[in-house]
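The chain below stands alone and is given in structure tokens; this is the form predicted alone.
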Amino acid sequence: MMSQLTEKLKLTLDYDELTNCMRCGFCIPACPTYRETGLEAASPRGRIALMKAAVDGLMDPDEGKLRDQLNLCLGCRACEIACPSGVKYGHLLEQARDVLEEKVEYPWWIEKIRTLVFRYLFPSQRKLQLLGSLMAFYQRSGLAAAARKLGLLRFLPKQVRDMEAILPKATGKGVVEQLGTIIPAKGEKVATVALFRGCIMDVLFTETNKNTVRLLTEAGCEVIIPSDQNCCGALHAHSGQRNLAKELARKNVEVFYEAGVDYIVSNAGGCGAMLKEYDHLLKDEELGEKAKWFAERVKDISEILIDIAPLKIKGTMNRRVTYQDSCHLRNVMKVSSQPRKLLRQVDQLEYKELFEADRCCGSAGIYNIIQPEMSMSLLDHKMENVSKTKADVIVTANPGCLLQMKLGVHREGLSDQVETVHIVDLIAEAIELEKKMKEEGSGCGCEHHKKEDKSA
């Protein structure tokens, strides 16, 4: 007799997509967890086989093997790029997790935390900003230093202690509170764009949001920041909270549709990929056409600055940098060349390509907290490759990757030698440096500016 869980899987999973997998194995070398374990079950092909076996009633999904392997998956979707049949593995993963999540019984305190985070905290920008204010007080009042000195943090799990050590400065005032909701273009207007400010981005990376607006306006874009927007729902969807993800998506679609802009701009690969797939998430709803309108307009900031409103970067920075791809930016949004082109436009910036930059760093939302062993193993490999570049700056385009790489630098004891920055902040800093040098009229002393001075 078929179990209730099997019935639910059968109703939820896209069976055509399951059978599209030809078992060719092209996805296997692209999968980080297969590369680490060597286990077929820990590969995309293996996980799809497990899902199909559960749907076909050949295995009991209650046994836990399917759930364990799905939980081990990073959801980086590198397998989709390698798949000759175009199997949307990410969609299958979210559908299966959504069903299995209903049967999971967490300890009461974890259940409380999940409810607090997913249902009350992330959907409310006001509550997130309140949290940002509390974090800012903790970081700047001396409480953080005192807690470390007294050893109070030892009661926290190691992965949480490590993350606490590298968190950026929080704030309770986001980009709307600091810049307003409409920021005019500088010079002739090329396009009207709406900024997706994100939830965590606006609390921990407000300066990146402000710099994003600065670069967009420099490129001739009028920027609108709808204040009623909310979290994209990526964490919810990836954690089996698909209905909550849909609630958040519906509100964002309505809010941005009202704004009537040319493009919707994201500066976080994870958020951008989720926004880009709202049409799939809401395809069976009345909002379907609006969701399609929304998804067609989603662009990463680097796509805008390279392909749509080219930013003529007059910036200088005498640094050696390397770039770590955001998995979702590269594998879902298909954006990889634009960030590199932006970096190569900065004068005096020495760019060194990172070996396996397209491999996941192990961040994957909250993966580094719930699967610390696999996450840190992937991070160690990543840092080995970073050290070979001899770069003094690691550039990323997603907050999760940024924190993970920062954690890697911290673990290696290189915090005084290697900086980790968002690409938007690096480009903004390069432009600012150039402006300062021009104001001082001295140049930076590099060969390039010596030639300019002579020719002048």
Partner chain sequence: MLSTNIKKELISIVGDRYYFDDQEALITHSYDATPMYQSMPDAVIFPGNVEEVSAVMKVCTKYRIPIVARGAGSNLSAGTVPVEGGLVMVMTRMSELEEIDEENLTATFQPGLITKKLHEEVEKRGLFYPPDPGSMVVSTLGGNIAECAGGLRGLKYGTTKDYIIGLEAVLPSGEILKTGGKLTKDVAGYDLTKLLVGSEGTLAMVTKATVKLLPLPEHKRVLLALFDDLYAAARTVSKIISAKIIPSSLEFLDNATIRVVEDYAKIGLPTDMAAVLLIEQDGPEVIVSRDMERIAEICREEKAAEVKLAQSEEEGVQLMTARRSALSALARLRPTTILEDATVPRAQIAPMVEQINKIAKKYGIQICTFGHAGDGNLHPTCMTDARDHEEIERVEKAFEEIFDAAIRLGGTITGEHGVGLAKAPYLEWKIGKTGIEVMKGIKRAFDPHGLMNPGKIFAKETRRRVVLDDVATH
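Positions refer to the first chain, counted from 1. Predicted model, so just to flag it, every value in this text is computed and none were measured.
The form predicted in complex with the partner chain is left out here; the points below concern that form.
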Within 4.5 Å of the partner chain in the predicted bound form, do Gly38, Met59 and Lys65 each have at least one heavy atom? yes
Check each of Met405, Leu50, Val421, Cys31 and return the one that places a heavy atom within 4.5 angstroms of the partner chain in the predicted bound form. Leu50
Segment assignment from 256 to 264, 370 to 378, 82 to 90, 139 to 147: heavy atom within 4.5 Å of the partner chain in the predicted bound form: 82 to 90
Quick one: is Gln69 in contact with the partner chain in the predicted bound form, heavy atoms, 4.5 Å cut-off? yes
May I ask you to check whether Thr12 falls inside a 4.5 Å heavy atom distance of the partner chain in the predicted bound form? no
Gly46 within 4.5 Å of the partner chain in the predicted bound form, heavy atoms: yes
Using the partner position in the predicted bound form, report whether Lys435 sits within 4.5 Å of the partner chain, counting heavy atoms only. no
Going through 3 to 27 from first to last, which residues have a non-hydrogen atom within 4.5 Å of the partner chain in the predicted bound form? Tyr15, Asp16, Thr19, Asn20, Met22, Arg23, Cys24, Gly25, Phe26
